[in-house]
Structures are given as structure tokens and as C-alpha cells.
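Below are two forms of the same protein chain, given as C-alpha cells: structure 1, then structure 2.
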Structure 1
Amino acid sequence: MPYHEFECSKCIPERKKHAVIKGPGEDLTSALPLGYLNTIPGSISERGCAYCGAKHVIGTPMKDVIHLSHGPIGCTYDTWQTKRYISDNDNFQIKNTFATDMKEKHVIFGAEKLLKQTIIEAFKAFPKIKRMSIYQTCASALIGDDINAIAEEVMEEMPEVDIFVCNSPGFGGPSQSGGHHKINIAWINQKVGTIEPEIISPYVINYVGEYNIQGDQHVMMDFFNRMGIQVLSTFTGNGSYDSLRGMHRAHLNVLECARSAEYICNELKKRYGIPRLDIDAFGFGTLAEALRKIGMFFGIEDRAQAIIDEETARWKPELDWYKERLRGKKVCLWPGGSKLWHWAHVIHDEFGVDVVSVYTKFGHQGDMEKGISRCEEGALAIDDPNELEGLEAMDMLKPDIIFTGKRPGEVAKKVRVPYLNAHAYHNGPWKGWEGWVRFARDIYNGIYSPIHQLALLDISKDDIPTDKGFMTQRMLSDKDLSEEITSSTVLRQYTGKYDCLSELSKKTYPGFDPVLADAA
């Protein structure tokens, strides 16, 4: 597995070991890109900072919390309304953001008084919200404000409120990943074990590393409810602050995004003996396996199997409709940290696409290891990619579609590669059986967009086809398919609604099994 040297990066030899091509028959022992090292200044890397890793990725999905950043206004403003983590309390945490708005005089004389006053004002503005997370920024870290002391002081004066403090300044570590780590550890140190939750089922889990992008968590909660599993807390999407204080009473930690949240699972295991079960909820087979594993842990595999059978029967014909049309399409799977390995093998197996490249902005070598092992031979793997390398890779690989962030998606657009938002999704949720079909539908709509086809035509040079007034996706996608597939009565396109969550929220469940005295 030789290192891949980009033309555009020949002048920065440090980059040499950050990209590899997975050769035929090679395994990971021959080469693995370096990962999670300091960024090369000026390389126009896509990485963010440790503050955003803590506040924006993990902190803010907590729904019933005033999220206050202690620093100048930019950190707060910039990490506001750029994500799609929704909640069932009318998206309080998406709509509102709070800052101390530190100014020059505070930098000189200290900003602790300002902080205290801002905390009190914020609670006053939202009298129903009694919980707060405070996030340190570069500025407040450098001037050395003691945020913890102020939080303690306020909690003494206002006994009805509870405050969590996360000290993760932007400069802490090579990327946002440093912030994931810090907030995991801060939460378990400060908050876990401070509330005793009510245990109402013999099967109790924490659902960890799930951020409820476009409602993923709602989808998964449906499965857990159907299995009679009590979800004590979700870390952190749609999670409530107090439920997350009771994480220590779960029987099992079900871990989704290991990159951002394995730390707290490992600590919960060490401190409270709670086992960790890693799952992938993206994909039919992977999700089935995940529910089965959870079922096995509790001895309720039959319940998992019932869901798997029902959902598979409902959605498989729709998944396969897309698979027939996506087969062999080339994908650059360029997400943040964990989706390269969550998705690489599943999108190949279940959508039929070929992953020609994976990259990770803030992943560690372990993420790369998993990602490379799960993608196709010949795939190009890049750690901490930068603008020019991304363009060079697209030029070399000629992908049919790219899954990446919003802004890099705009870069791809200019070289005529359609993009799907890997972080926030196009029309999600993408978890669950239905969600996975929605993902396939989004890929299909991206690749077979008639406008995309028009973008490739140079009217000054090419022959302009004048025989058509329009094209449909089907006219493009079905032209080389066999009659058997195009006229199949089994396969069908996605039949769900634009909003697939509102029906879920109306569902009722049989309730939990009684908790036996010895099990409690």
C-alpha cells in the first residue's frame, strides 16, 4: 500500500505520509496514513478547532440547555445555525445561542464578573430553562478566567440551576477532535452520577455518539421502544441534561460515533463497569446486526428479529430499486471523522457504489484503519485533506458523486461533481431502514440530475442535442438497464413522505417489562 504523493503537495514533504492508495491484495500493515498530527499552516486544511468540537458537535445537541460561550462574539455566532441537530423541544438549542461578548477591557481586567452577570441574565430571559453549559474559548482560556469557580458561585446562589463547564479552547489540539475528548471527560467528571434516574425496564442503555442529525435519534428511539429498551440518555442528540447525569445506571452503552464519544464509554466502563457495544445504525445489514447484538445482550433477540423482518420487508424493494441504478457509481467518501468507516462497506454492499476515496479531517489513525479496510481496492485514503489535494484527487478519480461538508461540496460543484452533505444530510434522516432508502434516493437524485447532465455540455463546441425538451432522472438512469429491472413489479422507488418523523412522534408503544427486584 504505497503512500500517494500529490503533485500539489510535493513541496511540503510532511504531507507525504498522509495519503495512501489501497493496492490489490495489500493489507494495512504495509502502510497507513499518519493521522491526528498538527496541521500544516497555510495548507488550507478543512479542520476546525477544539472549541467547536466540544461546543458545536457534542455540547449543543443537548436540548434543554442554555449554551453559553465565554469569549468574544465570533465563536458563538459562527457555531450557530450551521447544523441540523433537531430536538423534540421545538429546537431550543438550535434557535438560541449565548455569549459573554468579551471586549478589550475584559481581556485586560478579567471577565469573570461579566460571565456571572451574563449567566444570571440568560436564566432570567428563559425562566423555564434551568440548565447551562459554559464553553471556554481561546480568549477566556488565555486570560485565565476561572469559569468553574463562577459556575459554582452561581449554583450556590441559584440552587434551582445546574451548570456544566467545558474548558476546551480552540487551540487545544490539531482539530475539533481534541474538543470531543475534553467534553467527554468533563461531562463524566462533573455530571455523571449526580442524579439517580428511575429505572423502569429490565433493559437499560445509554445511546452514545448519536447527534440526532435530521432526526436520526427519533428513528432509533422507535426501535429501542419497540424492543422494550429504556434509553436512559442519548449522548447528546435530543438528549436532556438531567438524563445525561444519570448515565451511570445503564446496563449497556450502545456506541455509535466512536470517534467523538468512545471516551465517555470507556470511562463509564472503568468507573461503573458498564460494557460498551459499538454499532453502525446506517444500513440494512449493519442496523440489523446492531439490534440483534443489543437483543442478544439482553436476551431479547426475538424482539430485534421481529423489527428486522418487518422493516426489511417494508423497505428492501425500495433499497434495491436504487441499488440497481447506482451500481458501479464512483463515490468519494469525504466526511469528518467516523462516517468513512460507518459507510464505506455498507454503501458498497447495499447501494452497489464503489468507494474510490475516503478521507478524514479530524479522524485518528484508528479511523483510517477501519475506513481503508472497508473500502474498495485502489481507493485513495487521505488524512487531513486540503483544498488543492481534494481538487487533484477529484481530477484523478472522476467520481460520480461526493459525500462531504457544505463548503467542500461547493468546491466539488465547480468541477462538476455533485455533492451530498455527509454531516447534515440532504433529505434525512438517513438512519433506520427508511432513512437508508432516503440516503439512496438522495444519491440517485444527485447523480441523475438532468441539470447536472446539462452542466457537462459545452454549447460552444459540443453538438447540442435538439430533440428533447426535457429529461427525467429515469430517462438517464434506466437507459442501460435490463427490461427485467425496469419493469420489475417488486422493486419500487421511495414511497415515504418528505417529513418521515411526524408519524413517529404519534406512535404508542406497549411499555416496558416489569423490573424484577434482583435485576434492579
Structure 2
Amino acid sequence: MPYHEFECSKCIPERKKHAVIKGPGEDLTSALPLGYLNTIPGSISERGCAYCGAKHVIGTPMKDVIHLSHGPIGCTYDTWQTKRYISDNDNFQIKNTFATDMKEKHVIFGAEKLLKQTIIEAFKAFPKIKRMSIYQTCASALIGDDINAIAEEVMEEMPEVDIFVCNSPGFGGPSQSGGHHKINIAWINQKVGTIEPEIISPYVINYVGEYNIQGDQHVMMDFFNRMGIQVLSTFTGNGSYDSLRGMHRAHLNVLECARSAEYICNELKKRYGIPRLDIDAFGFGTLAEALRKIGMFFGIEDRAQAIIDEETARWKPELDWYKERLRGKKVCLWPGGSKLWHWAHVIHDEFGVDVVSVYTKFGHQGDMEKGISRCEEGALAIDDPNELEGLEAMDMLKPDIIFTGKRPGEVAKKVRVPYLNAHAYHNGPWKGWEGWVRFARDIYNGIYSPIHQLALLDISKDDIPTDKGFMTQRMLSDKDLSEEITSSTVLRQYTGKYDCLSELSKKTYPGFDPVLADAA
């Protein structure tokens, strides 16, 4: 087993089994780090807590809901602006943050009265919003506040409102992944089946594990609408509270992020017999395969293929333009969980980059298995890394760019490594054929930024060159390319608009095939 021991972590010998280097010909039995365990004392983790996994990842993207944290005000961090889960109701859920703001006196004497008062005040402040999700935190869990009882009391007094309670305190799991599980099960136990949806198509799906980062869900909805598929609910990006109560009437669960939402798919299969179909929607080839699989399930492969042919013809010349200029660049793929295996192979195949490292902060063994199997030999795989290990890895690997979150990304910038935000994107959406080209463009911009070249100089010791004039990205990226590529009349840079979502909101689609709701 090629374990990798970081110099900075030699004082924590247990960390050695949490990093491996994928060797030639090795299978997953000999190239798999330990994962999804409690963070080792002394190692400062970059993980989030179970409350974070429940509220910030899965709950908050619901668009027409007051998302209330029952705990200290600090627990509401990571809401407005830091999570770009946009919605088509003027982004209500990311513009407004709600908390009971528990103090020391509430920890001593209880905070149930405070909770009820806050719930009523929130509904009065936003009278058009009639739905609420309440998230338990460590503080309210430790003192034993009965959130469910308070919610029932309010719903009796205000029958027009509906409240969902998620008991997922921060200590409810080794990482935010524990919170994913808790909110999945809580939602199906409390809310699924409590409303009957209108069925308007013979092809009805739940789109699960999609959080509409910068409009990803809008892009996928366009494809589904063009295929004549009714999306009953999206769990949870741009999803409405009441549509998610009707998940039990779908014909198929289309699952995107298995790490965060497979639990509810599995329960929908057990309780309602709804089959589960896993897809990858990032990349030309993987997205085409995803639409074909959905089309095959409903017997409408021709509709899927028509979209694939049209989108590929439109965007492939632009993807190839970037691939020629990104080929051989070294990438550290350091997202939170599932993107390491959604992206590891496809960015190599379609962008030409070499993945030199993968890591996961909260993923399970299955995530690491898939990620390692899809990346190249020699890649460094790390579970639950800390900041010092990340710095040491960058110094050893010398990546051209990393894909990660804001915290490690800002650290990378300090050591002159550009990064792209793998959690909330830089200039998304990145799903769809056009979105994948936007991703390639963002990588290109990050690596070949003329300003970034200045960051590579150490002004304390390096001579400042005076013989260089004005530099452009093309001067940096094209210097070693052949004349055939640089003068190609087929390949081209991204030609989409800065705002690629506005046109989608104006589109109209042919009516769905008529079907009786009770026959669907």
C-alpha cells in the first residue's frame, strides 16, 4: 500500500493511512485511504458539521421557504452569498437568513418560547411565505428543546402554514454527510405523500441531488422539457416545498449527487416502488449518456438523441479550442465529495488536463473508490486533509490550478496557485454542453491570466523583468501550439452570453402529451 505520510503530520501518525499515491496497476484494494471517520484530534479539519450538511447543502436550496436555525447566530454563517443556490423567486432563500439567536440565558432556562416567538415573527415579516424549515443546532439539541412540539403548536394556531423540522445538530455525524442522511430521512418521513401533485405527462421524474448552483437546474430543466418530461420536483435546487411533498407520484428518480441524496431515492424505492437511475450531467459524453438512459427508460430515445446532436454540433468546436490549450496542465481536484468522481475522468478526457491529486473532506469510502479508479496513476488521494497538508501537497505537485472550496482556495492563492470554486463555481452554470464550455473557459482564464503571471514573481528576491511588454492570454496559451491549431477556422472561444439563463426563462415548449393523472 503506497501510503503517503505528510511531513507536517508526522506528529499525528494516524494520518498516514488517510493519504495514498495511486501506483501502476493497483486496484482499489491497495490504493484506498481510510475515509469517513471522525477527524483525528490535533488535525484541524476543513469539514463542515452535520447541521451544515442538512441546512446549507440540502435544505436551503428550497426556494419558497423560511429556513430557520434554532441556535446561536453564528450557526447561520454560509448562507447569503457564500452558497449560490439561485432560484426563480428572486432568490428569496439566499437573500434572507433566519435564526433564533440563542444566548447563554436560553441555554440555561430553555429556548422554546424564543423559538415560537421567532417562528411567528418570521411568518408575519414575510406574509407571502407559508412554509418553514427549522434546523436544530448543537445548542438547542443539548438542552433538549422540543422543536417538533413547538412546530405543531404553531401549525394549529396558524393552519395556513406548514413546518418541517430537521433534527440534525452539528454533532450528529463525523461530517456534513451525516446531515445529508438525516434530512433525507426526515423529509420522506414527515412530508412526502402529504399532497397530491398534478400529473401532466406520461413521463414524470423527480430530479434528485441537484442544488441549482448558479442555474444548473435551469439548464437541465430545459433538456427535460424538450424531451416532454415532467419534473415533478427537484430535490432541492429551485425546488418548491409543496412539490417536494408530492415526490411519491413520480415514475422515476433521476439521481445526480449520490453522496447527498441517494438515501431518499432508496426510501422512495422501498415505500413507493419508484426506480432509481444514477446520472452524471457534467461533460459532453456523460451528459449525452445520461439523457439517453432517461430516454430509454421512457422509450423516447429519439428525443434525447435530437438534443445531443444539436448541442454537440453547437458547442464541440468551442470545447476543443480550450482542450488544445489546457492539454497536459496539472489539476488538483479537491472538492467536498461527489465531484471528485463526477469530474476526475471527464476533465481528463474532455479538457486534456492531468488530475494529479484528489481529495474529499466528507465523502465515504465509495466516493474515494470511484474517484481513485477514474484518475491517473501517480495521483495523490487524501481523505479529510487539513490546511498544512494541502500546502505541502501543492508544493510537492506544483499544480497549474486547483478546483476546491473558498477556504482552501484562498490559501492556494497565497502560494500563487489559482483556483476555481468547485462548490459554488466562478462563472456558472457548468452543467449542459454550454456550461461545460464555460467551465473550460474559467479554467483557461485562471491558468493564463496575465495578472497571475505577476504573482509568480517574488519581488523580495526576483529581478523584475523590464523587457516584457503587453501580454494577453492568447500570447501565453498559444506560444507552443501549431499554426494549424492557432489559425483554425473551426475551433473558437466561447461565444455564449455572460448571462446564459435569461434566454431559458423566455423559452416555450410544446405541450406535454396528455395523460390522466390517475392513469400515470
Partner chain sequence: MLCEVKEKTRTGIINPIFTCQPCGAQFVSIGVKNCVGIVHGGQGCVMFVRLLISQHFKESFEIASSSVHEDGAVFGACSRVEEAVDVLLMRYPHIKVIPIISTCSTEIIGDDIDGVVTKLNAGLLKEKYAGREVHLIPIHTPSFVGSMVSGYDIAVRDFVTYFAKKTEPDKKLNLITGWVNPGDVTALKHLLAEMQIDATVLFEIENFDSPLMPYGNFVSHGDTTIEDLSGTANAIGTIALNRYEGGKAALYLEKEFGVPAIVGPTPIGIRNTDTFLQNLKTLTGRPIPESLVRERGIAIDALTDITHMFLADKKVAIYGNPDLAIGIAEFCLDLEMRPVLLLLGDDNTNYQNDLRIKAFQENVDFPMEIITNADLWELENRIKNDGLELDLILGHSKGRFSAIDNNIPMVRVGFPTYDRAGLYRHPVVGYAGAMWLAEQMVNTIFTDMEYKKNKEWILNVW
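Only the largest set of C-alpha atoms that superpose within 1.5 Å between the two forms is called the rigid core. As the structure is a prediction and not an experimental result, all values here were calculated from the model. Structure 1's sequence is the ruler for residue numbers, which start at 1.
- Assignment of forms: the chain in structure 2 is the form predicted alone, the chain in structure 1 is not.
- For residue 457, the Cα coordinates differ by 2 angstroms or more between structure 1 and structure 2 after the core has been superposed.
- Core-superposed comparison between structure 1 and structure 2: CA of residue 468 displaced by 2 Å or more.
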